[in-house]
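Only one chain comes next, encoded as C-alpha cells, the form predicted alone.
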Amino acid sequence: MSRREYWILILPSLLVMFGLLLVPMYRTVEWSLKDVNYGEPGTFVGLDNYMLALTDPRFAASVVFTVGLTLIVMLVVIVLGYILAVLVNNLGRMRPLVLGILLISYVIPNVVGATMFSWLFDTNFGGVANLILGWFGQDDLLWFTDRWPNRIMIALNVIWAMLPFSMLILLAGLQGVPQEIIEAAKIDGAGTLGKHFHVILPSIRGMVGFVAIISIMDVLRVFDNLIPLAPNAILNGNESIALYTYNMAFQDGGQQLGLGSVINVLTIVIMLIMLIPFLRNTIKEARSL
C-alpha cells in the first residue's frame, strides 16, 4: 500500500474524530474558562469556575460516590463475569440459548432497565427484595430514601447491566486459550484453582484489562440509571458526577455551562488517572508482541 492510499483510507476516520471528538473537547475547555449562558459568547473568568467546582462539597460527594461505585462494580463484574464465562464455556448445545438470556440486560436501554430493576425493590410492585429479607427476619429497607440501601440498589443495577459485557469478553478470551496448555497443567498436577490462577487467567490478562478499562469509562458516566433509582440522590449523597453536571448545567438554576464544562474536564482527568495502570499494562503487552 502506497503512502497516498494509506492517507486516503484513514482520512474519513480523522475527519470524524476531529468533528466529533476534538472540536467538542476544545469547546468544553474553552467554556470551562468562561461564564457562559445559552446563545451568548461568554465572559472570560479564568480559573474561577474551577475554584467554584473544587470547593463545592456537593461535587466532592459526587466524586467520592462515583469513584467508589466504579471500583466496586469493576471488581464484581470481572470476578462474576469470569465465573459466568467459565460456566457458559462448559455448556454444550444450550450455550447459544443461555448466552441470549444473559445478554438481555445489556441490550435494554439503561433507563428502561433501571425502571424494571427498581420494581424488585418497590413495595408498590411486589417488592421482592423486602419479601426475601422478611424470610430472614429483617425489617423492610427503604431502598429509595435511605443512603446505603439506595447505594446497594444502584450498584446491583449497574452490575446487572454490565455483567453480560464482561462475561462475553472473558468468554471470548477463554475460547482462545490453547487446550494444550491446560492439558499440560493438568498433567503437571495443577488443581482446578491452580489451573485458573496460574494458566488461564495469565493467558487472558489482556481481556481482563480491557473489561476493566471499559467498566471504568462506563461507570464513571453513570447517569440515566439514577433517574428511576435515586430520586433523593442529592440529599443522600448518591449523585453521580454526570448527574451533578446535568443538574449544574441544565437544572439547578440552569445556564451554568461554564461550571458544567469544568466538571466534564475534571471527569476526563479522573478517568485518565484511574485508567493509567491498565493502559500501562496494555502498552507493555503490545510492545512485547
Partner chain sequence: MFHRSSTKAAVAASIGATMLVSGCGAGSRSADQTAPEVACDFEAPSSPTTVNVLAYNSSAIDPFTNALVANCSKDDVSVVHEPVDFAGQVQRTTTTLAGSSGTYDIIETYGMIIPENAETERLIPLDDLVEQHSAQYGLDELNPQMIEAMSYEGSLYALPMQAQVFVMAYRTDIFDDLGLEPPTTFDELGDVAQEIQDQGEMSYPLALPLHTSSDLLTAYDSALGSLGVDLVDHEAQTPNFDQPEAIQAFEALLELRPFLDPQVTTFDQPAVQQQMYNGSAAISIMFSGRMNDLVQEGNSQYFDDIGFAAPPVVGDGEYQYSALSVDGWSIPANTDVDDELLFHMIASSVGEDSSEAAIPDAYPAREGIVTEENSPYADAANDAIGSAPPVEPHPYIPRVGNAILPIIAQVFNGDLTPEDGAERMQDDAQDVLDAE
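Positions refer to the first chain, counted from 1. Rigid core (definition): largest C-alpha set, two forms, superposition within 1.5 Å. Please read these numbers as outputs of a predicted model, since none were measured by experiment.
Omitted from view is the form predicted together with its partner chain, to which the following refers.
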### Message
in the predicted bound form, is there a heavy atom of its partner chain that lies within 4.5 Å of any heavy atom of V73, even though the partner is absent here?
### Response
no
### Close approach of L47 to its partner chain in the predicted bound form, 4.5 Å, heavy atom
no
### Query
Might G68 be said to contact its partner chain in the predicted bound form, defining contact as any heavy atom within 4.5 Å?
no
### Query
Given that the partner is absent here, does Y38 sit within 4.5 Å of its partner chain in the predicted bound form, heavy atoms only?
yes
### Task
Given its partner chain in the predicted bound form, answer whether the residues T115, G134 and I270 all have a heavy atom inside 4.5 Å of it.
no
### Query
Among V77, L171, V219, I154, which has any heavy atom within 4.5 Å of its partner chain in the predicted bound form?
L171
### Summary
Among Q179, T192, N124, N90, just one has a heavy atom within 4.5 Å of its partner chain in the predicted bound form, namely N124
### Message
Please pick out the stretch from 180 to 188, 103 to 111, 194 to 202, 154 to 162 that is in contact with its partner chain in the predicted bound form, where contact means heavy atoms within 4.5 Å.
### Response
103 to 111
### Query
If you look in the predicted bound form, which residues in 111 to 149 sit within 4.5 Å of its partner chain (heavy atoms)?
V112, N124, F125, L142, W143, F144, T145
### Message
For D188, does the CA position differ by 2 Å or more between this form and the one not shown when the superposition is done on the rigid core?
### Response
no
#### Entry: Is_shifted D140 between this form and the one not shown (CA, 2 Å cut-off, rigid core)
yes
